[in-house]
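One chain follows as structure tokens, the form predicted on its own.
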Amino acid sequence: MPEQIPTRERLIVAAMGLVRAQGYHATSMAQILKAAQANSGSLYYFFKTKKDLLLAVLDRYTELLWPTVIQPAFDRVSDPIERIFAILDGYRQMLLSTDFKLGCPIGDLALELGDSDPAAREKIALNFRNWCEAIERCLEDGAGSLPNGIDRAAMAQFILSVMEGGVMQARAHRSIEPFDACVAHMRDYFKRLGAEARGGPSRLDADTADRDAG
């Protein structure tokens, strides 16, 4: 890592990479120092404890959410609902490009840390809230494609669960098929909502009518 980069920045970047690759508990301060090309005095000048460095990493993920996850999808796609699927496609590409070795870093930390560190948990929750707010913005902008009165906050949380669950299953199976299946079911759900918004029967209603007629 270039030494002209400020030491604090090198430490955060090194910690982000190591924690994402091998987990928080498996990452030692010595590994971080080596990756950052820094000495222990510099580390403890900026971060008194490993936990303090973790909190800085989580703050950095908060800062990076929009420019690295949301904005690229918004730049590629103009339709509000399709922007949601573009965001999900970013995670799909990440899974494929890393051969399923890396998932959502916030989801990984949420699973690893649980409720053992309240301060970290709050920052993890903030990252999830910010992600959901970006999805809510898409849902609000695409309100014409959705039934009136839909709970956008609950819908955003559902989409977050689809993403995290799809990523987790893809990594477990080392296959993109579980992720694609989750996204395909969500797309079908949006199609049904769109049909309802247009005043016609949703596919679910049509299927029910067919069964009743049979």
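Note that residue numbering begins at 1 and tracks the sequence as displayed. In this text the structure is predicted, and so the values were computed from the model without any measurement.
The form predicted in complex with the DNA is left out here; the points below concern that form.
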**Prompt:** Is M29 one of the residues lying within 4.5 Å of the DNA in the predicted bound form, judged by heavy atom distances?
**Reply:** yes
**Prompt:** Quick one: does P67 come within 4.5 Å of the DNA in the predicted bound form, counting heavy atoms only?
**Reply:** no
**Message:** Residue-level contact is defined here as any heavy atom of the residue lying within 4.5 Å of the DNA in the predicted bound form; does Y189 satisfy this criterion?
**Reply:** no
**Message:** Test of understanding: in the predicted bound form, would S42 fall inside 4.5 Å of the DNA by heavy atoms?
**Reply:** yes
**Message:** Would all three of R121, F128 and Q157 be in contact with the DNA in the predicted bound form, where contact means some heavy atom lies within 4.5 Å?
**Reply:** no
**Message:** Under a 4.5 angstroms heavy atom criterion, identify the one residue in R60, H173, K34, K50 near the DNA in the predicted bound form.
**Reply:** K50
**Message:** Which is the contacting stretch out of 42 to 50, 180 to 188, 141 to 149, 162 to 170, given heavy atoms within 4.5 Å of the DNA in the predicted bound form?
**Reply:** 42 to 50
